[in-house]
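Below you'll find only one chain, the form predicted on its own, shown as structure tokens.
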Amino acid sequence: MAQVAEADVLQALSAVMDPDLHRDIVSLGFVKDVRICGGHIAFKVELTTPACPVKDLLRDQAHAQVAALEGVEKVEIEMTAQVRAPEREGPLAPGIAHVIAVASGKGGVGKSTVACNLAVALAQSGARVGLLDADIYGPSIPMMMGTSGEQPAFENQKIVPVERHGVHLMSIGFFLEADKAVVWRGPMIGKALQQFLGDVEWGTLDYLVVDLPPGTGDAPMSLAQLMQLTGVVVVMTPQDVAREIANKSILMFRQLEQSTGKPIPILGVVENMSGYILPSGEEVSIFGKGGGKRAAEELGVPFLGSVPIDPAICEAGDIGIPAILTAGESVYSRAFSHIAGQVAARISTLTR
């Protein structure tokens, strides 16, 4: 029986295509550490994100291709990931690979809920994740992540983020008294964001999710000026009026892209509150349906997915446990996991 060579293994694996990057896993450099011992073949497949939505598909296809080689008796594959960071100018938060802004054209669409669950879903995949509450006037992340009343520590003249559910957290809410409101003018918003990026010891992160305030005001403009954003996730509800307002949010980032000279890709649109699923399985479209997908098509950006209405999602936020952690295989849990995978895949295509 002929001895299997490394070249044979790589040739077989070159038939496995990454559907997002549209290249085979060998030419992409994903295949690492091929080891051959008689008929036993072992190797690593190092993806560009632990949240890769086709991770299992690639593993199964790689196994099948190598197992089909003559003389192969056993195939062992270790799936790993290394998030690839783009070059980023400036001294702020140098250890952060990707900054994901979560935005909405108006309030009340569940933007913070999506931001929290997106961050936790990415962390569940094995990524190192931070969540920055940039809604200075209405910070909700401490309550939604179960950290109300906690305060960050200070070490070496740096603020140390609070950690919960595997995510590093920072919010102006950690520094406010419960009965006090933030009454600041625009320039102070930019200064606060600069401190949250430059004076916080974020460490090494694969993704920093930034929960922006609703609308097109100071916070998104300041963030775009301070940092190179990897991209923006826009959250909206299905109604036509919500679609029009979400469009304005997307157009704002395109204008900021021109004014700052920095690319600000729209990673895609999330449709929240897309319908209520009855116990019978029937879906009732309380706020209409399909507005998010239509908005994405009209503006030529990806549609990342939809999240149904469920009282459990609101209840989870109120008790400080993101919904994705409260019900393993619920419809909304799968929805948040799917959206996180789509976001990660989209980022991989932008930084390959």
Ligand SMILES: Nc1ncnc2c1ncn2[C@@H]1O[C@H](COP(=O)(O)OP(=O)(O)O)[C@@H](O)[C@H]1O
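From 1 onward, residues are counted along the sequence shown. Everything quoted here is computed from the prediction, not taken from an experiment.
Another form exists, predicted together with the named molecule; not displayed. Remarks below refer to it.
Put simply, of 220, 110, 173, 238 only one has a heavy atom within 4.5 Å of the named molecule in the model of the complex, and it is 110.
Proximity to the named molecule in the model of the complex, defined as a heavy atom within 4.5 Å, singles out one entry of 284, 57, 64, 314, which is 314.
Note that among 269-277, 222-230, 68-76, 199-207, the stretch whose heavy atoms approach the named molecule to within 4.5 Å in the model of the complex is 269-277. Although the partner is absent from this view, residue 46 stays clear of the named molecule in the model of the complex, with no non-hydrogen atom inside 4.5 angstroms. Taking the partner from elsewhere, residue 51 is found to have every heavy atom lying beyond 4.5 Å of the named molecule in the model of the complex. Using a 4.5 angstroms limit between non-hydrogen atoms, residue 39 is distant from the named molecule in the model of the complex.
Among heavy atoms of residue 308, some come within 4.5 Å of the named molecule in the model of the complex.
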